[in-house]
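Below, in C-alpha cells: the form predicted on its own, a single chain.
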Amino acid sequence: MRHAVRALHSCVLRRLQVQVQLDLPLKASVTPVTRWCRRMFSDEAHATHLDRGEVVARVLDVVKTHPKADPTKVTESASFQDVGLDSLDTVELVMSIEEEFAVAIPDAEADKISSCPEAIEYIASHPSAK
C-alpha cells in the first residue's frame, strides 16, 4: 500500500501543473488540489499519534473490562499480574488492545507488554493507532 501511495505521489508531482499568478496574494492561490496534496503528503498527515490522555483512558477501560481482571486494582501504573491476570490472560488482553486501537502488534513486541504503562507507551507511540 505504501509503495502505491509513493508511486501516486510521484506521478502526481510529475504531472501536476500549478499556475502561479504573481499579482494575487499567496493565500488566494491555494487551490483545492494544493490543499489535498498538502493533506495527503505532508509530514503532519502521517504523524497521527493519538492524544496520550485518550490512550490512557481507553487502555485502562480495556483492562477493566477483561473478565478476569479486578477493576478496582486497575491503575495507570499497574502490571497485568497486579490486576489478577496470568500469562494467557495477558495474551488475550493484548489482543483486545490490538482490536480496540486497530493495530497489529508483532509477537516480539506483544511479549514485552506486561503492564498498563507498557501498553500505554506502545499505543501512544504507534502512528497508526486509531
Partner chain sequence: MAASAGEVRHLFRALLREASRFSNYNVREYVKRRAIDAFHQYRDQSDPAVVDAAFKRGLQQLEIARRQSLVYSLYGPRVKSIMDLRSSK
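The model shown is predicted, which means the values in this text are computed figures rather than measured ones. Numbering follows the first chain given and starts at 1.
The same protein has a further form, the form predicted in complex with the partner chain, not shown here; the description that follows concerns it.
Shown alone here, Ile120 lies farther than 4.5 Å from the partner chain in the predicted bound form, counting heavy atoms only. Using a 4.5 Å cutoff between non-hydrogen atoms, Ala57 does not count as a contact of the partner chain in the predicted bound form.
Taking non-hydrogen atoms only, Lys68 approaches the partner chain to within 4.5 angstroms in the predicted bound form.
Although the partner is absent here, Val74 is not a contact residue: none of its heavy atoms lies within 4.5 angstroms of the partner chain in the predicted bound form. Taking the partner chain as positioned in the predicted bound form, the residues of 88-103 that bring a heavy atom within 4.5 Å of it are, in sequence order, Leu88, Asp89, Val91, Glu92, Met95, Glu98, Glu99.
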